[in-house]
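Only one chain comes next, encoded as structure tokens, the form predicted on its own.
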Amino acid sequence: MSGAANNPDSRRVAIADVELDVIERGQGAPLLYLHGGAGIAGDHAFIDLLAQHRRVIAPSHPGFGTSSLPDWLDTVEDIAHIHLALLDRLGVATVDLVGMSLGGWIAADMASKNPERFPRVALIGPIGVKTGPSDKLDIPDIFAMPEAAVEKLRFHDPEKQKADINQMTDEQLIVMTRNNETLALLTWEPFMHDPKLKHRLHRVTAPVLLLRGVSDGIVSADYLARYARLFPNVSIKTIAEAGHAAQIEQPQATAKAILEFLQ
């Protein structure tokens, strides 16, 4: 749950007509963490590991958690602008950037718009570009699959990560449903990508790390390799015993890889 009421280190920040829930943990050089399409609820152990070494700023995107979603906001690029404005509001001039899946897409967009602001960029299972044939999807159509099939794509060991909705509060169920609705709004058409983004990523001259769980069924190794070729200065690392949500299944290994890269 990402609401400010349930996290003492979370606060509401108004950006234009958007009310964002923003978690801040740790001290040191700032790091902006952008969560994936499932929201930020499962990422707290990973955020805590990063916060042992850095000041972590982790907003819930508009429409996720309890952050508001104005009628005009319906693209990933809109969110990129909101988070750039958030950094301005917090007085953060330069910051290392970490994004997961949908958050990786947002991070890549932000870095292409304002490359001098982000000294290093780490993306975990990022989506957001079309790299394969036009008549085939690069990313599986998770909206047309049963939940159990999607979980097999997300996790190396889905049984260990299976959520019991009967044990969830009404508030948690509302957030889960809201996250899914906003993900569909942002990624449905064109499916899971911005046709223009791949033509802008050459501007990201900072070192970029692409991370992928070895069992990731959403972001394939081939897709990530093609994604990597869009950046001038990039490396790829694989996380063992992890699927798409490597930051949840292997938070220590994922945080270690990112912190070593950032340092």
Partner chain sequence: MKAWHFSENAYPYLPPAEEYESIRVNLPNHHYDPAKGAALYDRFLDEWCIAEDEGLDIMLNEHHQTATCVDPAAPIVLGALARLTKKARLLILGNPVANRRQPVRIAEEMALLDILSKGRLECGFVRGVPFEVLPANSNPVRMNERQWEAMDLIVKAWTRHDGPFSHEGRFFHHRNVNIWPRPWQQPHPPVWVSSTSPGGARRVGEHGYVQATFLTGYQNTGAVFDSYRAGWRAAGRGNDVPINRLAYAALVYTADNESDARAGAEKLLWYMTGNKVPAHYRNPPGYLPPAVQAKMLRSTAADPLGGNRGGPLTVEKVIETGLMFAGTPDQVYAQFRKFYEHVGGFGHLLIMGQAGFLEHDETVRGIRSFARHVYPRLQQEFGDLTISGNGR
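Numbering follows the first chain given and starts at 1. A quick note: this is a predicted structure, and the numbers were derived from the prediction, not measured.
There is another form of this protein, the form predicted in complex with its partner chain, and it is not shown here; the text below is about that form.
- The partner is not drawn, yet in the model of the complex one stretch among 168 to 176, 119 to 127, 81 to 89, 153 to 161 has residues with heavy atoms inside 4.5 Å of its partner chain: 168 to 176.
- Residue contact check for V234: none of its heavy atoms lie within 4.5 Å of its partner chain in the model of the complex.
- In the model of the complex, its partner chain stays beyond 4.5 Å of every heavy atom belonging to N114.
- For the chain shown alone, A228 is not a contact residue for its partner chain in the model of the complex, no non-hydrogen atom being within 4.5 angstroms.
- With a 4.5 Å cutoff on heavy atoms, I139 does not count as touching its partner chain in the model of the complex; it lies far away.
- L69 is the sole member of A29, L224, V214, L69 with a non-hydrogen atom within 4.5 Å of its partner chain in the model of the complex.
- Although its partner chain is not shown here, in the model of the complex the stretch 188 to 218 places heavy atoms of W188, E189 within 4.5 Å of it, in sequence order.
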